[in-house]
Ligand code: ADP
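Form predicted on its own, single chain, as structure tokens, below.
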Amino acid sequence: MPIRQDDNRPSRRFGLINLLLIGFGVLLLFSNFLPNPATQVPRVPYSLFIDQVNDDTVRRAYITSDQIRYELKEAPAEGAPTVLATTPIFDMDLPQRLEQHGVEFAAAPPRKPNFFTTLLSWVVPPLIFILVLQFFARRSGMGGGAQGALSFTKSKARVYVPDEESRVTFADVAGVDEAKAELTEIVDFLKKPERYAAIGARIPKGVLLVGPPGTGKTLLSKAVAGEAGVPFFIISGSEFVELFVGAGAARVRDLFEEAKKKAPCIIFIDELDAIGKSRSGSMGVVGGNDEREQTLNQLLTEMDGFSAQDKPVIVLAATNQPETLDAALLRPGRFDRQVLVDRPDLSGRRTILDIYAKKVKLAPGVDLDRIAQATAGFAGADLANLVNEAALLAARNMRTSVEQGDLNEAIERVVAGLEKKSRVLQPDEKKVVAYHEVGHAIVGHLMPGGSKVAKISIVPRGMSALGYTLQLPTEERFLNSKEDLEGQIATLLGGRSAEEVVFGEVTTGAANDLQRATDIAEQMVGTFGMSETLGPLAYDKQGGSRFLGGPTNPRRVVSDATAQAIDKEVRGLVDRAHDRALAILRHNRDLLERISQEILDKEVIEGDELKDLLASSTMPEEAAVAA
């Protein structure tokens, strides 16, 4: 307690001095506006002044631009003032009139400076300036100096010092075994740098983590710091650049200065593409882009500034767009090592599910292997969200543990969206949706590939899905043959084909199916070279983001004849898949009617019941010959 009192005394004394100075300044300010009785002179109309001059009663006058002060020879009455004042008007004859009547006149003598006014002009402006500086300086000193108005050149990096409770290690990261193996070398160097220095080896100064969103790049960088037991500076690329020109470069300098004080340590820059985009297209534009380039140049300079005598400072960075980064960032000596953090495979998903399943209470008999097999293409963040959604569903249904059905429902919520049971379909619309989804299921069941139909539902989900057919992969596949892709197109067109077979007309419900089928056909022709007519040539540009997806790559510049040939091949692929789906559904018309009537009654068919129903479907001979 005494220490706290001693620490507070200077601040209290300083605050008292500030209050005294402010009060003194306010008194000086108001003293300038208080009336001075010695300077109060009665004012009279200008006409009375002229009459008094004409009557020869004025002895002398002092003339200024805003006042005429004059003295009378005699007081007009006992006790009346002899000094009066008036407001002048534009009168060119006034000097001649005063001279004719013998009035002494001259310009008014300069006013004697007021002591308080002089003191006010010399003391108050510096006092205000000092108080304002003191206010901002004290604001800058609060919270470590990172939130003050004058601290915009300070780095906004957050320091993460691993301890036993909050430390993240490689055991907390799963599904990226290759990336962990690459980063183990960084950990070993941070722990024992002398072993590498003795043999003359040079550890990479910068490691770039690239991969799709949600794959665990930030978590992996924290695990590196946790394994090495060193401080960890984390900052986003967008936090460097602000309104003030040069602030980004100053923050980079401050960040590396702070990192060198705590070396050995790790600097992690998330979303590096915010400041590291290529400078080739800048064209010297002044403004925010120029500020970003200054920040990038400073980052390049700082990464070159580490000498061999410095304690190790490793720069880790993450991005989803490595193709947009400047070439100077990726050269040897800077970010010369790129580590791919990709979506996990089957075993990786199983391990990730084990990690997140420990944080919730699972019911006995939950099969995580089935969940891992059904979530092909999910990233680590998707799996974490899946387990959390299952726990929320279990709590909402008043259960004390997460069951298998909760995990299955969570998959559908992540893939297809929330159920919208409040969206009531008309009977004729519901019938069309039922036949549409059963058409997808029958064609998808007979098509080759690594997926099986697991569920049919006509309960609306998400923003626009009036029903859906859930296909789950049976095996981990990384390549697709031409036959597999043609089967996918036929499956997508199965719903529209069922509408044609049963109702003789089509609806707008197949819009998304047509878009996806067309995209696959265009990729088969323009990207994968699966056209016998056009040959093994690529007609699509391989541009755009590799990990963020986006629109289809634009077509290369081709002749009109080639463009027509591409369009003809794409149309041919879709037409053949359409004919194939029609033939399958006509051949299995009775099964189509039976499953559709059953799903109209139940709304959902899944599991062994659906498997037994689809087992009776057969492939027609003509469709097999066409395939």
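Since the structure is predicted, the reported quantities are computational estimates derived from the model, not experimental observations. One rule holds for the numbers: they count along the sequence shown, beginning at 1.
There is also a form predicted in complex with the ligand; it is not shown, and the following applies to it.
Note on the interface: of 517-525, 188-196, 80-88, 170-178, the segment with non-hydrogen atoms within 4.5 angstroms of the ligand in the model of the complex is 170-178. The contact residue chosen from 495, 216, 237, 248 relative to the ligand in the model of the complex is 216, the criterion being a non-hydrogen atom within 4.5 angstroms. A heavy atom within 4.5 Å of the ligand in the model of the complex is found for exactly one of 352, 387, 266, 434: 352. Although the partner is absent here, residue 381 sits close enough that one of its heavy atoms falls within 4.5 Å of the ligand in the model of the complex. Heavy atoms of residue 105 never reach within 4.5 Å of the ligand in the model of the complex, leaving it off the interface.
Contact check for residue 212: a heavy atom falls within 4.5 Å of the ligand in the model of the complex.
Using a 4.5 angstroms threshold between heavy atoms, residue 356 counts as touching the ligand in the model of the complex.
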